[in-house]
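Taking the form predicted on its own, here's one chain by itself in structure tokens.
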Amino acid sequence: MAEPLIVTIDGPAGVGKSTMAKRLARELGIPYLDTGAMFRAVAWKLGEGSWEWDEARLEAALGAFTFALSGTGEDSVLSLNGTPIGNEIRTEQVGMWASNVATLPVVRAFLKQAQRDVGARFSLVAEGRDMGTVIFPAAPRKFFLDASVEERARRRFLQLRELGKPADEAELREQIARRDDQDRNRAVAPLRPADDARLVDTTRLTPEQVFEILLHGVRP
């Protein structure tokens, strides 16, 4: 059997990683792994304040969690304990909870193994914050997407407005900047490009232009 193809797409919150990863996975006909959703699902399942628990309590809770992945491209379905993960994790509050639990070595160790287990079975487009640096350092195709805080806040504001959800662009900008600071400066697996990743600044690029860069990077 051929070794699974792993494509990693890393970057900060709100840069469009999920959209690009889903589309690229669909084009390649392989599953899409949203590792941010894994952190969000764990944070949502553990609940508010769980990042203050002692290590033994966290290990016991995490030991009851099992992830599974099915489908390809945009139809990829990530499940936790047999239940597909839905929009309940897609709030700004749960995003901050996820950023908090992501600072904990015990949580990162658990999800690192869970993500690698999936990557050992499937070819993947894996999207997250440390896919190319920590989880799949040997991946043959790595990308790091970035954009200004202002542009990411604007995109998120428009996305929420399209969904009919209330949003304040200035507040979103503050939340994104705060999360950037936490993600980039945490002691364990800080957000940064892998040395061999292709950096793509999407601030002034259209989604189509970004996708073409990624596709040509995988299929030169």
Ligand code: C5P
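Nothing here was measured: the structure is a model prediction, and the numbers come from that model. Don't overthink the numbering: it's just position in the shown sequence, from 1.
There is another form of this protein, the form predicted together with the ligand, and it is not shown here; the text below is about that form.
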Are all three of 147, 172 and 204 close to the ligand in the predicted complex, meaning a heavy atom of each within 4.5 Å?
no
How about residue 125 - does it come within 4.5 Å of the ligand in the predicted complex, if we only consider non-hydrogen atoms?
no
Does any heavy atom of residue 193 come within 4.5 Å of a heavy atom of the ligand in the predicted complex?
no
is_contact(residue 40, the ligand) in the predicted complex, heavy atom dist at most 4.5 Å
yes
Residue contact check: residue 112 to the ligand in the predicted complex, 4.5 Å heavy atom:
no
In the predicted complex, which of 52 to 60, 161 to 169, 66 to 74, 181 to 189 comes within 4.5 Å of the ligand (heavy atoms)?
181 to 189
Where, within 86 to 102, is there a heavy atom within 4.5 Å of the ligand in the predicted complex? Residue list please.
90, 95, 98, 99, 102
